[in-house]
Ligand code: C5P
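Shown next as structure tokens: one chain only, the form predicted alone.
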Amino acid sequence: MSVPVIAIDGPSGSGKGTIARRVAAALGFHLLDSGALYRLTALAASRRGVALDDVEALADIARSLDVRFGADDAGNEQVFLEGDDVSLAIRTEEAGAGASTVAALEPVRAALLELQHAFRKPPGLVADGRDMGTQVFPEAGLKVFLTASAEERARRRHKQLKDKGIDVSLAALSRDIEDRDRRDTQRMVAPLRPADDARILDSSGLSIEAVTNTVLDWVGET
């Protein structure tokens, strides 16, 4: 029997990472944060002095990423690049902008595709990203497109960064989200859009628990 996949896609700040982690924990499934892979590629490039317009070098970096996902004792996300804990480094706005840039490069996406498929292991996988249901796992049994208003996403991101001790203005975040939405939806390669058979969930005004329970209810229906 094929290993089940739940694909959760959506724009920046929609809360898909938080929901994916909660759904994976509730089901005992593995977790793929595909957005982190692009952030890690951009971070690794920065560490090696590789420019984000050097497509061939970026693809080489993507192919050889040494990455591990985990969680601390409190259940918080931990991401390791070449053995270093880069959980905070990849969540900066700079890293997010870098990820959006490299994600538009087809050779980088192709290099990361095999790595993403390798996360599909029993008993199942929750895959979080922007093209999980349209490109990476089009055969997923459940496809969720999670969204929220741009204003709501900016407020959530602002709170998340402040909680991590990262100082950034709400106005700057709003501009960044609008710019990232434009890049993600208009890029030539795998643009952000709901899969034809995705279930769309607007989380504006909903609690994390309400969104998680809705997705779990949908899992039960598949």
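Throughout, we count residues from 1 along the sequence that is shown. On a predicted model such as this, the values are computed, not experimentally measured, just so you know.
Separately, the form predicted in complex with the ligand exists; it is not shown, and the next lines address it.
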{"item": "Options 60-68, 45-53, 164-172, 32-40; stretch whose heavy atom lies within 4.5 Å of the ligand in the model of the complex", "value": "32-40"}
{"item": "89, 153 and 159 each touching the ligand in the model of the complex (heavy atom, 4.5 Å)", "value": "no"}
{"item": "One residue of 99, 108, 146, 125 in contact with the ligand, assessed in the model of the complex (non-hydrogen atom, 4.5 angstroms)", "value": "99"}
{"item": "Touches the ligand in the model of the complex: residue 79 (any heavy atom, 4.5 Å)", "value": "no"}
{"item": "Residue 103: touches the ligand in the model of the complex, heavy atom cutoff 4.5 angstroms", "value": "yes"}
{"item": "Contact set, 109-132 vs the ligand in the model of the complex - heavy atom within 4.5 angstroms", "value": "109, 129, 130, 131, 132"}
